[in-house]
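Here we start with a single chain on its own, the form predicted on its own, put down as structure tokens.
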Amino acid sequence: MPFDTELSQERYRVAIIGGGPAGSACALALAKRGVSDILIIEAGDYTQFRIGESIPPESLRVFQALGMDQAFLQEGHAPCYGSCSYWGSNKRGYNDTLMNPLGHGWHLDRCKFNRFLATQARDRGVYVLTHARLKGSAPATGSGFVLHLALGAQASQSSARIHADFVVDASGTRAVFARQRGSRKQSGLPLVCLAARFAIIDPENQRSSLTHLEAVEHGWWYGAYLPDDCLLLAFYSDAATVKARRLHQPEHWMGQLANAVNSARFIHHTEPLAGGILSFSAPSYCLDQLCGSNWLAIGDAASAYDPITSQGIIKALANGLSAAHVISGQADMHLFTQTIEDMYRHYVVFTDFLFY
């Protein structure tokens, strides 16, 4: 069943900008608490490729709280039993889930996962509007906000205006609504992710169910086998290094990979998939203003971490769940935002220790 591409009404109790894990989790949690007239405003249509990511076993607790743990397990994402890493030497280290009472984590097909969450929300009465972008916003007379939307594909866009009593910014690192409210990013070191996918051509090749990490001179490598029978390899570095070494170009990216001997072995018995080197921004920051009257930011819109922490999706899901408590009046907004700020400070201390 497709998602909606046209609006059904002009006023909503809650409008959520962004239909990724944070936005969909917030909508699911609100619907579970009996809140109606919820709108998710999603710029895409859940068919675009999203870089794969692993989630820890603790994610199951959030899925249980959202009432969709069994439905998630039926999706068939590949198990992840932890990670192995090479950090400054050829000595391999492990962080596995062998003794975790919740079992293993998962390697996600992100496109499938995001679509699953949005479908779960829609099936519980949430209006999911795809191919919709927030173009502008302003406080409404009385309370709430007037949102100006662009609807449809670029070539045939139309415009619409709605009223939202409460707005949740779950737009990812764009933080589009929060920035319209005057929020600014307090940034750490921004990274660039350069990723490529490889088809596995030897079915007898044994595949690891661990996430692979390898630190090298100019950044670090991430590798994982994804549920669609392909290998994902990604290199993370700063923008200046990427530009100076021309790592957007496949031959230079492959040259960088060749120098990471523990990562390069993964491409044996594989062949590159179409699409070349895919580039994604990977900033780390926390907004200086996480909320205001009748709005708040969650997920990567509120704060973003270096992907090496593997906290992006679980943080987004947990933020969405907690935000629903705030919106429904069951939790304090100041305490919610204080928790996000404290977690970001702990993250900064962790990364300073890790890298310096």
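Keep in mind it's a predicted model, so treat the numbers as computed, not measured. Each residue number is its position in the shown sequence, starting from 1.
The same protein has a further form, the form predicted in complex with a small molecule, not shown here; the description that follows concerns it.
When contacts are judged by a 4.5 Å heavy atom cut-off, A331 does not count as touching the small molecule in the model of the complex. Residue contact check for Y222: one or more of its heavy atoms lie within 4.5 Å of the small molecule in the model of the complex.
At the 4.5 Å threshold, heavy atoms of G172 reach the small molecule in the model of the complex. Using a 4.5 angstroms limit between non-hydrogen atoms, L321 is distant from the small molecule in the model of the complex.
From the list 275 to 283, 237 to 245, 261 to 269, 138 to 146, the contact stretch for the small molecule in the model of the complex under a 4.5 Å heavy atom rule is 275 to 283.
Contact with the small molecule in the model of the complex, defined as a heavy atom within 4.5 Å, holds for exactly one of C193, C230, A215, L102, namely C193. Note on contacts: among L28, I38, L290, I313, the single residue with a heavy atom within 4.5 Å of the small molecule in the model of the complex is I313.
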